[in-house]
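The chain below stands alone, shown as structure tokens; this is the form predicted alone.
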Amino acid sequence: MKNNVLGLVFGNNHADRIESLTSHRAVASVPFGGKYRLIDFTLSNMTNSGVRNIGIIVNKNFFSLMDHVGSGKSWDLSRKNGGVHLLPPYIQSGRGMGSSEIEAIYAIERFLHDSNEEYVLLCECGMVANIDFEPMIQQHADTEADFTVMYVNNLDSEGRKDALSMKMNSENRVEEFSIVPCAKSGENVTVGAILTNKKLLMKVVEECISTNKLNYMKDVLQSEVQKYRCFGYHFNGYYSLISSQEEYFYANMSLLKKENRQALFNDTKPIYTKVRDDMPSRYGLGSSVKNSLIAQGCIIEGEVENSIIAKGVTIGKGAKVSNCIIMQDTKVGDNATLGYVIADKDVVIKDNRTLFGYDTFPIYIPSEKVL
């Protein structure tokens, strides 16, 4: 059955929640962990679970995503049949792609119609996890469900906004969906992965468009939960949910713990990404690195502690970088001091500069800025 599933990824869902990181890129192409993008986890999870035909819906700022995904070769998706398809905004017969999931699916109706798969796996890019979708697909078939919704109930963040919570009976059938302003640990919170029948999905979307009901959570799952057979599927592995800059910072910092890295990255179900060939990182005689992840191609002359350093970063002599996320090709000058900083790509921080944020409010430096 897993080969009978079409993957559909929302590449720019909830971009307004991490607006600083998505002002010039889609959510799917936000860098993570020094060498990955958020889309890597969703694509890898799908391909590792046997899903071989995947469409990525984007509505703006998708140039970096196009460059990263390419033909899909890195995820074994460069295929004659199936593969990965980037679905940018377009207008067909007066249909435009809107900002909601309902409008986005409606705009790519032809893509859905032309696919041969019977089921559709809808995923967002805001969850970092190593997920095996095969048990979820099997449960969907066994229960003859209309919708199977993945959820977690051990939230790390005590303030997740506008979360979709659900109550289930003893058979895991959903009896009620509710949108909670501030979700807490212990609640069954959906994580943006839904499996459904393709024909049913197309029918629901057309009904929503005709009645101007455009919110998938409120107008389909919440208001019509008794109409459909909705079941929950519990994911109990390691994960990070990203819906704010603070959660993004926390998710990256959590990779500094060995047990989290082992849970997220393993040999049996690897996380793939676009490979950038580069030289090994070089460390100067006076350099010092503690509890940090350093990608290839870096030049480290100063001190780095509790930080994520992406490819091609330069840390100058005497510089001190602690509790920071430094993205690709950024240059930190000599004797600069950084703490709790998120520096985007190609940032230049001049000599002797000092910048400090806090763990609950890290400072963000936009790409290509010179300080």
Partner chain sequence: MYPKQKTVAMILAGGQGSRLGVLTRKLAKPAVPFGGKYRIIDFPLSNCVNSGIKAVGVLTQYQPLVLNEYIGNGQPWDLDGTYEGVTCLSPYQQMDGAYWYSGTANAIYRNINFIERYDPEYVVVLSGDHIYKMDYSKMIKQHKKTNAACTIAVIEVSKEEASRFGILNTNPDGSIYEFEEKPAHPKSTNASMGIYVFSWNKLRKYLEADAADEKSSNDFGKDVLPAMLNAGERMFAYAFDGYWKDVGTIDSLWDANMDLLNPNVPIDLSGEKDKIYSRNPVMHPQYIGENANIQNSLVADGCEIDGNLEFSVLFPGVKIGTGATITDSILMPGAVVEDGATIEYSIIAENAVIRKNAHVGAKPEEFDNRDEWGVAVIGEGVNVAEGCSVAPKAMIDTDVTGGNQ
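Numbering follows the first chain given and starts at 1. Note that the structure is predicted; figures quoted are calculated from it, not measured.
What follows is about the form predicted together with the partner chain, which we do not show.
Asker: Does at least one non-hydrogen atom of I271 fall within 4.5 angstroms of the partner chain in the model of the complex?
Answerer: Contact with the partner chain, yes.
Asker: Is the gap between K73 and the partner chain in the model of the complex 4.5 Å or less for some heavy atom pair?
Answerer: Flag for K73 set to yes.
Asker: Applying a 4.5 Å heavy atom distance criterion, does G339 contact the partner chain in the model of the complex?
Answerer: Residue-level check for G339: no, no contact with the partner chain.
Asker: Does V289 make contact with the partner chain in the model of the complex, using a 4.5 Å heavy atom cut-off?
Answerer: Yes, contact at 4.5 Å.
Asker: Can you check 186 to 194, 237 to 245, 78 to 86, 278 to 286 and let me know which stretch has heavy atoms within 4.5 Å of the partner chain in the model of the complex?
Answerer: Single hit among the candidates: 278 to 286.
Asker: So which of Q296, T143, S165, N130 reaches within 4.5 angstroms of the partner chain in the model of the complex, heavy atom to heavy atom?
Answerer: Among Q296, T143, S165, N130, a heavy atom within 4.5 Å of the partner chain in the model of the complex occurs only for Q296.
Asker: If you check F265, Y250, Y228, F111 against the partner chain in the model of the complex, which one has a heavy atom within 4.5 Å?
Answerer: The residue from F265, Y250, Y228, F111 that makes the contact is F265.
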